[in-house]
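The data below hold one chain only, encoded as structure tokens and taken in the form predicted alone.
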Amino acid sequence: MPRIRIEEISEGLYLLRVDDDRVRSFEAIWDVPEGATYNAYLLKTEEKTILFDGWKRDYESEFIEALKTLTRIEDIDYIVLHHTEPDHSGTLPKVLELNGYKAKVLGHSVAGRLVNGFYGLADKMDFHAVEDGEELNVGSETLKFLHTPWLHWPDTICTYIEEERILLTGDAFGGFSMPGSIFDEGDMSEYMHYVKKYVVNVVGHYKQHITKNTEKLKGIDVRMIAPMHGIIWKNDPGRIVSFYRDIAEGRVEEGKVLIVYDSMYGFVEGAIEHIMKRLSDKKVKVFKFTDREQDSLSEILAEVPDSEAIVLGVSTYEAGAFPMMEFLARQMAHKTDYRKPVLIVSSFGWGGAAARVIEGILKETSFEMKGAVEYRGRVRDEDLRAIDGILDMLFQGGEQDTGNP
């Protein structure tokens, strides 16, 4: 039985949260052993009842029962869709059915097309496409809708409840995991890691829109930020906005080096062990693909934005690059395109190819190829000297510009 939280977070505004402990791969690709939450909200004024979003269809019956503890479903006047991805809109068809299709559905114009494509509701649903900055009076409260596209779909909007100074943000400012708390309180370090992982894995390809849209929110007086995943930011809402911007801009943690490598028989690992000794004064994060350990791609990508430099150790495999490292390079190019120096070390048997493949993937990105050292079989002294030369250039050659282009 999933944990369900129903809480009044401000006068007349209720959180409906389910902790998804069944999900193993978010979007069927990103490893999330920490789970995820789906947060919907219900606003009740003296005159109107407004539902904001919903849950994944897997939890449809639980959502309906949770909603019934707060209101009669037929009394819902408006349903606001901040983002129509099915982990938030999956319960919409059942809610509308039980509501008798009386509620007006509000969202971005793209949301109307998506919902119809997903659920075939066009002939039944009363949909209104809200304009950027449009306001709706719902009695004692005023809702202002803000377009925040590509965080992380084109249909994403936020709702600002003006009198309460609360911003409902859809997927923006969310994070993975199932926090014990509803609000930001206590030691947040573990949760902030899951936020970074979420931003990179889910929003990363559109990170430039984080900067654009947070600029748009600067003039708004916000006392609470309520996203559709994870923690509600009541005590320090500015912290999550700044944190998202830091990730988007690739703000570096000084001295942090990311090392990722594969090693089928220990030949690449020999060079990596040498590099790790050379970088013993740095904060080194190491991930690997070996016959003993297979680290998480989603965790690896989360470490890219604030790394000062990146080392990739890759084997030649069937006249190409080791498959997991090739896939990682493609996802780095797609999700984490930052101006950061990269060193490649590569071992091969009958012919080298891996370094060329990885360089080819990253050459059209902002990553800066600082050198590739390839060797046949085991690493030799001359190879280690070549590696040392590149490391000296990276870490003794002055200030590194390692942010966005």
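Counting begins at 1, following the sequence as shown. These numbers were taken from a predicted model, which means no experiment stands behind them.
One more form of this protein should be noted, the form predicted together with a small molecule, which is absent from this view; the next part is about it.
Of the candidate stretches 128-136, 260-268, 245-253, 190-198, only 260-268 has residues whose heavy atoms lie within 4.5 Å of the small molecule in the predicted bound form. Of the heavy atoms in Ser315, some are within 4.5 Å of the small molecule in the predicted bound form.
Heavy atoms of Phe348 reach within 4.5 Å of the small molecule in the predicted bound form, making it an interface residue. By the criterion of a heavy atom within 4.5 Å, Ala122 is excluded from the residues contacting the small molecule in the predicted bound form. Contact between Gly377 and the small molecule in the predicted bound form is found at the 4.5 Å heavy atom cutoff.
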